[in-house]
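Only one chain comes next, encoded as structure tokens, the form predicted on its own.
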Amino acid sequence: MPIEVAPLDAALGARITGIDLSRPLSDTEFASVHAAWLDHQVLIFPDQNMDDEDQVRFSQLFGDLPDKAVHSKGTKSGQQLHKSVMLVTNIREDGEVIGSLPDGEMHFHTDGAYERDPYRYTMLYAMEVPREGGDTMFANMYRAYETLPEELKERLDGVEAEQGFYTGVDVSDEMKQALRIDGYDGKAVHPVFIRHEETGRTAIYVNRLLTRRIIGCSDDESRELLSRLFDHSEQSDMVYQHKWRPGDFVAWDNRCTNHARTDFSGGQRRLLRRTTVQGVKPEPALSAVGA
């Protein structure tokens, strides 16, 4: 059966069928998946049956996996195939969560923005999901830039923002404390508008959970500008909301998407396995001012 790429009726995303990710991909399959990823930003592979080795093998097709996970407990007992593999789960054994990022809602963010070289891709494989809630929402940051008011494009052209470890301006102190692990509080400075190194397109690179401030602005001005960017990029016509089913494998491009998690009952189990692909320091977008 040939690979079929079916674009979603949404701001971004495509459903990929006709492929079994539990086996190695052919060169033709890899090329099809890579092209679809660049075109659609988020790929959904339904009805997969993958173990750790399958997921790592697929992930490594697209680059190196990070050799550290300072923000993650990985998987229980350290019995993980690679340091970048982690469980995203609220399941507890003997009172301890067996993975990371366990409960409730999470604001829009892009993975690893607080590092000098953020993650290029993130991939999640669903093993157990709640009956209701725990959905993942994806925002199209290309479209967010393209539809941004011109005065904001001009005001923020060439400007940088500081990204922190779960310390965004709209995040409660309780959430910040709950999400910090082992006192890690990394930070990095990246352009507000970045150039995707493969497509050449411009994307907004700030998010509600991780972005601390805009460099060179007063606190009040920074907060006002960021709030406008957040509100604009999180509008419904920028977002696809994915309701998980067991066996879903969802992969997204962190260079041009933000993602968030909806709330769910703590009494319902949620277990997903995550891998990430290492990226490079984002480059500033080419100036659109005067073009």
Ligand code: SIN
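Note that the coordinates shown come from a computational prediction; the quantities given were computed from them, not determined experimentally. One-based numbering along the sequence shown.
This next part talks about the form predicted in complex with the named molecule, which is not shown.
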item	value
Residue contact check: residue 111 to the named molecule in the model of the complex, 4.5 Å heavy atom	yes
Residue contact check: residue 40 to the named molecule in the model of the complex, 4.5 Å heavy atom	no
is_contact(residue 152, the named molecule) in the model of the complex, heavy atom dist at most 4.5 Å	no
4.5 angstroms heavy atom contact with the named molecule in the model of the complex for residue 261	yes
The single option of 188, 214, 101, 129 touching the named molecule in the model of the complex, heavy atom within 4.5 Å	101
The single option of 156, 88, 85, 194 touching the named molecule in the model of the complex, heavy atom within 4.5 Å	88
Site check 106, 124 and 274: each within 4.5 Å of the named molecule in the model of the complex by heavy atom	yes
Among 225 to 233, 57 to 65, 44 to 52, 251 to 259, the region lying within 4.5 Å of the named molecule in the model of the complex by heavy atom distance	251 to 259
Members of 36 to 60 lying within 4.5 angstroms of the named molecule, judged by heavy atom, in the model of the complex	none
